[in-house]
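One chain is shown next in structure tokens, namely the form predicted on its own.
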């Protein structure tokens, strides 16, 4: 049986703009770092998976066409993956499938984002919604999450204070992450007093738009054995799920489909846990890197991932369960709230989770990590990916 693991990771510093490099050069920076981390060279890469979201964010069509040579993909198989915010997670899974097929031994999964060159990212993202029934009533990427937040508050008694706790923890964690875009210490009062974007979501409840790149090298067990690598983040389980397209379909009378709950993430997590042999995520998962562009999104996500019961995420944040020194640290990197290069944001979650498993996360390292989970979330809360990484399989 073929097994696969992550052997090299590369990230650039995430910032607002990078005018000194083009998109291909930015992706190459992360690729070179990953190659050095793995101790291999460009010639060892057998295939490339390019993680690239909306063309409009880059200001060009099919950007992978002129980026692929920069990352060593010339005369090699290459595939582009685009699933909105879940792009990086789906790209990692695609790289894994390349390895498990038996056709390749070393695959580069890489992406870059230059959102700082986009005049208005929201106007572009808003185009994902149905032009007849939804776009005319101003459905957009922010208020769709505010709807989820309102529903979670009404159903479970969640408060703006609980959301603020997520922001404070994330910002605090980012101070120890050398790659984080936003590094700033904030208080609950700062969050609650920040400008309202779409109630109950305020400025500090929101992610930024970031420029940067991430690269992950996935290899087969036979390649790893030949290489002699010891610190590996084995891919022990994956899962994905697609929700309905129309926002109105997120609520029904079955009791199984409620916009308050990230049901798609729950389904994807169950698949990943089963593959990884995880039966009790509260006890067996040591750290999580969650794709949560808003504080309210994380509250729903930790419940869907089985880290607490539905409706208990707010209380768990009050108790510090998800803090760095808590029972199950969430987003030691600072998460999406402090860095959001949308094309690769979910890939960064995988990279950060892998660093935790490999014991290479520096100041943000959680002690004794054996199993870590990384998630992706894209579209209108429509596409979900879950990846479980383990120290040994």
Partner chain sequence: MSKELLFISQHWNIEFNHAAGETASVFFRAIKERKEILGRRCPACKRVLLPPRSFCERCFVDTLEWVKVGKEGTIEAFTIVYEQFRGLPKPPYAIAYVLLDGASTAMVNFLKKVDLNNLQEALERIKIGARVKVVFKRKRRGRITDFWYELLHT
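Positions refer to the first chain, counted from 1. For clarity, every value in this text was computed on a predicted model and none was experimentally measured.
From this point on, the text means the form predicted together with its partner chain, which you will not see here.
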Just to confirm, with a 4.5 Å cut-off on non-hydrogen atoms, which of 311, 320, 277, 248 contacts its partner chain in the model of the complex?
248
Determine whether any heavy atom of residue 131 comes within 4.5 Å of a heavy atom of its partner chain in the model of the complex, and answer yes or no.
yes
Is residue 60 close enough to its partner chain in the model of the complex to count, meaning some heavy atom within 4.5 Å?
yes
Contact test in the model of the complex: residue 147 vs its partner chain, heavy atoms, 4.5 Å
yes
Is the gap between residue 195 and its partner chain in the model of the complex 4.5 Å or less for some heavy atom pair?
yes
Using a 4.5 Å heavy atom cut-off, indicate which stretch of 293-301, 222-230, 134-142, 162-170 touches its partner chain in the model of the complex.
134-142
For the stretch 148-173, I need every residue with any heavy atom inside 4.5 Å of its partner chain in the model of the complex, listed N to C.
150, 151, 154
